[in-house]
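One chain is shown next in structure tokens, namely the form predicted alone.
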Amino acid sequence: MKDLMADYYKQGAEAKEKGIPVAWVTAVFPVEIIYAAGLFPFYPENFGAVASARKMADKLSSFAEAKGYAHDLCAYARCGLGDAHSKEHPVGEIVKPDLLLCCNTQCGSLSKWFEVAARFYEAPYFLLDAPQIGMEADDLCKKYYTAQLKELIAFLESFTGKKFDYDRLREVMAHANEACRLWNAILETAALKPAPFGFFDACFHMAPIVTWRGMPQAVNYYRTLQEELQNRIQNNVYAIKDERYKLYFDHIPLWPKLRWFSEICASHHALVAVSQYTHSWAYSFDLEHPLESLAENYTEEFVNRVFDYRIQRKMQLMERYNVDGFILFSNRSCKPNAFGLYDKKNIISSITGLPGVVFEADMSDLRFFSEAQVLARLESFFEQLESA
């Protein structure tokens, strides 16, 4: 993992020297098109996650806040903006973009962050608009998004001066299909009891499915990881010693307290087995209809669905992994995913009978974290779980 991701960042840093344009992209963006066009995709959200895991998000955020950006903004955005405005780069300087490509599937904050960054770096900006989908897939939305993908390709052709290669796109999508298949098979091992793998492991191993999706590097990595997990299963090596409980976690982890959180769960013999967050890359593309398939996959994401669908999807995962309880993270940095969590907790518990808890913090910024408060909620939840 370290070598693979070091190579990714090295390629980003060296791209301009080699004449390869760097395109900033969002996590839920059809990166397959970017790789097929011969550009290097860089994820500033991933930069924010790395800064968070290294406990540097509060420092970078303070640089952004000194420039007038509100502390209520997404911490990933504050990390990226803070690094851009600072002479200090505690996790390495963020890669400067030649163009910025955003999709608003996840939230509205990303589109404004990229708009601001485009002005700061004086680089062109393209926005893919994804109208929210209800309980059922919307054919009109798919057609609308497909038309925008054609506009994106025309934009890239104009930017690069090269004709877009659809055969290369199919090749990239084939790699993406295999990487996603392997990734989802790996996640499924957490349904075993005891399991060799859990959500906290997935948070560590998810980087390639985001950054290298569509490239052979991701496929090779997940084949190796799958082999390692099969070896663990054969040799009775499990994620949690004496696993008694399986839990669902929603959504992005508490990056700077990941080990702290995992150790608390382990001390109660509980494996956080599943989360919608790590299941977000369950793509399966039709290579005969590449643009339509990209539109279908990227608009029907969990983060682009209505309230009732999100509840239904959570319960489906809880049932598939046979969980004993659930933890919902009210993340002040990711308001679309924190919306309505107290109502969701009550609805899910009333339907499934499972105990649940909601805790409040920030995925990145420890200035908004109270260990005593979060621990009190978790301990109360574990008492309820153990007495059920």
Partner chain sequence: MNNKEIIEIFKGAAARPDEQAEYWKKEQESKVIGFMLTDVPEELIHAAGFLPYAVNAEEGRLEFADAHLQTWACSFTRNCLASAVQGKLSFLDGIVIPQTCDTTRMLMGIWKHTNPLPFMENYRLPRQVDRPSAREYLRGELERLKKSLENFGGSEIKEAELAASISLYNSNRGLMRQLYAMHVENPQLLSGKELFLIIKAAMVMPREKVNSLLKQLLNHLKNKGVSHVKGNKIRLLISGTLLEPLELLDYIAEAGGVIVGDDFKNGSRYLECDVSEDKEPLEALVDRQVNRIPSALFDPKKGLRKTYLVDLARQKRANGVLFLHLKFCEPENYDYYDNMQAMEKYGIPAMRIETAYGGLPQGQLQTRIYAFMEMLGGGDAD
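Model, not experiment: these values are computed from the prediction. Numbering follows the first chain given and starts at 1.
The discussion below concerns the form predicted together with the partner chain, not included here.
Residue Tyr144 is the only one of Tyr144, Phe164, Tyr238, Phe159 with a heavy atom lying within 4.5 Å of the partner chain in the model of the complex. Site annotation in the model of the complex: the residue of Leu101, Leu81, Val219, Leu317 reaching within 4.5 Å of the partner chain with a heavy atom is Leu81. Heavy atoms of Glu115 reach within 4.5 Å of the partner chain in the model of the complex, making it an interface residue. Taking non-hydrogen atoms only, Cys180 never approaches the partner chain to within 4.5 angstroms in the model of the complex.
The partner chain is not shown here, but in the model of the complex it comes within 4.5 Å of a heavy atom of Leu140. Taking non-hydrogen atoms only, Gly92 never approaches the partner chain to within 4.5 angstroms in the model of the complex. Shown here without its partner, the chain carries Glu151, Ser330 and Phe339, all of which come within 4.5 Å of the partner chain in the model of the complex through at least one heavy atom. Heavy atoms within 4.5 Å of the partner chain in the model of the complex are found in exactly one of 241 to 249, 205 to 213, 67 to 75, 170 to 178, that being 67 to 75.
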